[in-house]
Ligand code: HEM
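One chain comes next, on its own, written as structure tokens: the form predicted alone.
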């Protein structure tokens, strides 16, 4: 054991777990501690399979409240288990079904295309542009009526919440301020919809949470779950910015991205390789065995997400950017875990993954037709969680 893992993550960011694996001789499974609690760190397909075994691991109480409540909100679906998780997750799966997310992704593609038409001859920051386009589209789709200024403000605050979840410097208190503002606004939107003035658009996310499947939730918690539709959509801007960087780095893919299947392959490889969540945590509820390590009830189980997505035992040439690895292949649900593992209908895999795939496909389609050149170094800081290409990837569009 080389010290508290939480402290290592705060200090080293995405470099922490690779460092710890090296300190343990490259083992896929090793013991550690998190804030004084015994932890077992796992990576790879078998580690993910254990982590997503709901008979062994539950989420309640696993993530420190100052981080969980900031990112997900107090009482959110992410920290529930059992019947509560299943029923709440069913609501999210219905809200994010194929037809609904197809409409949202199409809107994002159309809006991004219009926005990009105005970039000619200008310098733009890719991340900022994506935050505003994704944020405006998901708010309108969810049934939130607001003027352009308030819509932009909400989009930026949603991004600020995500930007602070890793506890990086001034981003953390800024994230809490944004979280307070957003939760208050979401609670008010639900309360107004329940009062009937203004009336929520029938079938919209706001209506469903106010008077549909979410009617049993109090206004505060229904507002939290509304934010858990909006925030992850805006968070796709992190992957979208890395996609823009990778598209510039591998220009041979531009000509291929007219094909929707190639766009999906490219997006999958971006998600496999770009850093976002460095680890996920759960709490063991019964004894289990993995490799030569015994997991005891009460232990934390920490899944190394980037280490699983780049596990050389599963991925050939794991460190190379090769979108063609996904040609005609459905990703393994326990080896490919950028948004969690396993089955989204029964476990904790993100119900919005289909939407993420579609948004990145539309983003790739639009950016493939834009001639841009980064104006700064495109490297990212691996010690900061979450990270981005420098300055959000400013580019000059010709």
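What you are looking at is a predicted structure, and each value in this text was computed from that prediction instead of being measured. Numbering follows the first chain given and starts at 1.
Just so you know, the form predicted in complex with this ligand exists too; it's not on screen, but the next bit is about it.
Contact here is defined as any heavy atom lying within 4.5 Å of this ligand in the predicted complex, and by that definition each of 52, 85 and 355 is a contact residue.
Only one of 75-83, 206-214, 292-300, 162-170 places residue heavy atoms within 4.5 angstroms of this ligand in the predicted complex, namely 75-83. At least one heavy atom of residue 89 is located within 4.5 Å of this ligand in the predicted complex. Under a 4.5 angstroms non-hydrogen atom cutoff, this ligand in the predicted complex lacks residue 370 among its neighbouring residues. Contact check for residue 139: every heavy atom lies farther than 4.5 Å from this ligand in the predicted complex. Contact annotation: residue 233 falls within 4.5 Å of this ligand in the predicted complex, judged by heavy atom distances. This chain is displayed alone, yet in the predicted complex one of 277, 144, 288, 257 has a heavy atom within 4.5 Å of this ligand; that residue is 277.
For the residues 228, 151, 107, 309, the 4.5 Å heavy atom test against this ligand in the predicted complex is passed only by 228. Shown without its partner, the chain has 338, 339, 340, 347, 348, 349, 350, 351, 352, 355, 356 in segment 326-361 as residues with a non-hydrogen atom within 4.5 angstroms of this ligand in the predicted complex.
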